[in-house]
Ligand SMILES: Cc1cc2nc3c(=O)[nH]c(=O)nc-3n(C[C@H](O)[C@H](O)[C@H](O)COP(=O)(O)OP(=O)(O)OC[C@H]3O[C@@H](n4cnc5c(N)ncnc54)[C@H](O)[C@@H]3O)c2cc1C
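The chain that follows stands alone, in the form predicted on its own, written as structure tokens.
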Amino acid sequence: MTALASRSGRSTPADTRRRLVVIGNGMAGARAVEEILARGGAVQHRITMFGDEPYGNYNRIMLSHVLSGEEDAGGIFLNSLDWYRENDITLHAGVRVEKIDRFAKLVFSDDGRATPYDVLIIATGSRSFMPAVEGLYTPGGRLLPGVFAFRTIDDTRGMVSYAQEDHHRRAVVIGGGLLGLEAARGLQSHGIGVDVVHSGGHLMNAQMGPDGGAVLRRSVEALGIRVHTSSRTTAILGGDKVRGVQLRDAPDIACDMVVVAAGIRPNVEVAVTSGLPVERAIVVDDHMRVPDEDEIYAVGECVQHRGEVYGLVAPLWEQAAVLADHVTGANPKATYLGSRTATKLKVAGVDVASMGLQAPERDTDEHVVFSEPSRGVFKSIVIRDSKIVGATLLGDSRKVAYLTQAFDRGLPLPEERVSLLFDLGGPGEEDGVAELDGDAQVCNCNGVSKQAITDTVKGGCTTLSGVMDATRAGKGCGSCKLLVRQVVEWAADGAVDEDPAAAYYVPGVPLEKAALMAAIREQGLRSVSAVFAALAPGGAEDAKSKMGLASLLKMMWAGEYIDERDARFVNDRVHANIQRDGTFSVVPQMKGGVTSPEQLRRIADVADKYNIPMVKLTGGQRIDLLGVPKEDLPKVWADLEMPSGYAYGKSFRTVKTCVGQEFCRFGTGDSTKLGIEIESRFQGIESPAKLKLAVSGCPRNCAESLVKDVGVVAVDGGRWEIYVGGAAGAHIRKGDLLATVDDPETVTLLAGRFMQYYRERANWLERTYAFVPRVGIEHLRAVIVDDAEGLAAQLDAAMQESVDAYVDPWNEGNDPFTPGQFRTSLPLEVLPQVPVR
């Protein structure tokens, strides 16, 4: 090697850093690495991580929000794959470590790799416990179709997909703990009827006593969820897929899917296989080190410390900090002595806080209880030697900040104990925030202390959103947002600034949408530059605002809008979709997804003539020609002799259809004809975000109408159901039923009226899946269907004006708007060749 280095005249300095390997890329493993990096560990260690799942690190607590549709899966990632690259961490995602050779200091993974380490961290977490129930698995050992665990993103996506299949109506959730109730509530949001089967005598028996459990049950049943306590599932019914569950000492329950949320078990297989000490979990000492193993640590739900195994986030964070102190040498005396667990969250829409004991254990223990079942409120505090040793709050958690602090710190209590539950001269809600110690953890998900928030406010950030962005407080499960707000208000001494820009339609013009539209109409502003000149501070133009304003003005003024091309994104300037390499994709219009042999021949000829590198069918039943240089676009359009399919803009795009009654033996309505009529009418109209529609010829929904911005379904009797606010992209949501009507003409009328209402009132880039829940389907029905506000005629007329102003933008191919409209100015990036399959 010396000779080689000498010949080349160059040598790469050897990386002398210690090799740190982490088995597990979940919340505990990633948090331990974050703590190590925060202590300068990247200088000392070359870090390699292994994770079973093929993703970055995500917030598992938020899976229930993904299930309910409140959050999309992409929004719960704590660390993207870029984070690992930026921190020089080698991540083997989707790779399982099978064994550790403690003597050779190697870990062996299922991809055949042997990875050496100097320091090893085991953070394998836990898995769903699957009880021994007959019929749970197929003969091949897989879960019976329709049975789901609830532990990972893939589990959650599978549940959402299954729940949204229209013929699935009922689900049984096995387990009435926190996770089971969240699963039940989440499935309800997809229109699924839910039964919860719980073996305990009351719900959430690990966190609260029977009295609190009874109040919680009442609140849960009020949501329409049926609860079966002291009941055990003995079998899953159905040979090929779930058809019901069999209960012990109770009638069977018919259902289409089963979610098992019966608890978790630590993942300890790799530790057992490798000869490490395992009891209930992997045994560790107060330094989070495995006994008799100087260089092997463990952290998280896979760990047993002083006989305790934790399944909450806060203990994992505390363990990770101690572990990082030792691995980096930042504080060799750091010790983890166990956690006093306190939980505050919202379960199935009900505020729940629990800490310590559920009920008195000694004759001398004091027990303060308030119960108001009719309001779903229950409060219980257990006091020993004038210190709080346990508390349960249900339905009213306003006092939780003070009680948590008193529980954690052993604060002296007022003589009048009832003031712990109510503001009767005792520590009030605000007083409780003031009394919190600086190191009290406000956000458990991200380990943000009161002091961190206070320092951020004192540093000049006095908006709630600004503090949340700066500290990540409230960016986890979100249950602490109220407390974060209280701390910010306390730290700012009441001088909290709301971020007004959050309500602006576009950032460069300080007006909400309604006021902005009123000002535009009042002053007759018909171009983007005119709006900036009249309404922006100092008349300053803002590039980020131009697209939103252009869309709004075109919607408002239709044919009177003055088009300024610099206000358009490149896609809208050339009417094609720019790709990563700087070329464009062209999607010819095929209304309703219908084409002809003649059109197909023309598309094929164009693909040959212009050497189109890829011809691909889209998810919306269209043909995409990818890889067209900008300067070739006019020639491609001319040879195609087909208009644009609108696959590029913030506008109405396509209507997907099934073949309907003309060909399908199940069809009850002519979906293809109606889809073509709708697409012809609304082609090219501007909107705050893209609009995708579908028409299905029967309730089998082959056109996926329930997950479109506007979806139409033919039902028996010649009637049509109209759904709005659905989505199946980065966000998944089943649309809400707007109306059931008798004829296709009314479908077109109401669809247009809904789209116009959305165009006039939605925020810029707000998709209908966010707009509809924000406004409320009942309100939309009242306005769109019942004309409760007398707006129907106005909405119909405004939409008609936009329809009448339609001009085929592809005509610009023969007459460019500017000389450089179709001249490339981007350096092209060479993309990998698409293999022929």
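So that there is no doubt, residue numbering starts at 1 and follows the sequence shown. Because the structure is a prediction, the values reported are computed rather than measured.
What follows is about the form predicted together with this ligand, which we do not show.
- Shown here without its partner, the chain carries 27, 97 and 150, all of which come within 4.5 Å of this ligand in the predicted complex through at least one heavy atom.
- Among the residues 672, 267, 380, 551, the one placing a heavy atom within 4.5 Å of this ligand in the predicted complex is 267.
- Screening 34, 801, 70, 53 for any heavy atom within 4.5 Å of this ligand in the predicted complex leaves a single hit, 53.
- Partner contact region in the predicted complex: 311-319, out of 311-319, 589-597, 636-644, 740-748, criterion any non-hydrogen atom within 4.5 Å of this ligand.
- This ligand is not shown here, but in the predicted complex it comes within 4.5 Å of a heavy atom of residue 179.
- Among residues of the shown chain, residue 66 is not one whose heavy atoms approach this ligand to within 4.5 Å in the predicted complex.
- Within 4.5 Å of some heavy atom of this ligand in the predicted complex lies at least one heavy atom of residue 60.
- Residue contact check for residue 300: one or more of its heavy atoms lie within 4.5 Å of this ligand in the predicted complex.
- For the partner-free chain shown, 123, 124, 125, 126 of 120-137 come within 4.5 angstroms of this ligand in the predicted complex, judged by any non-hydrogen atom.
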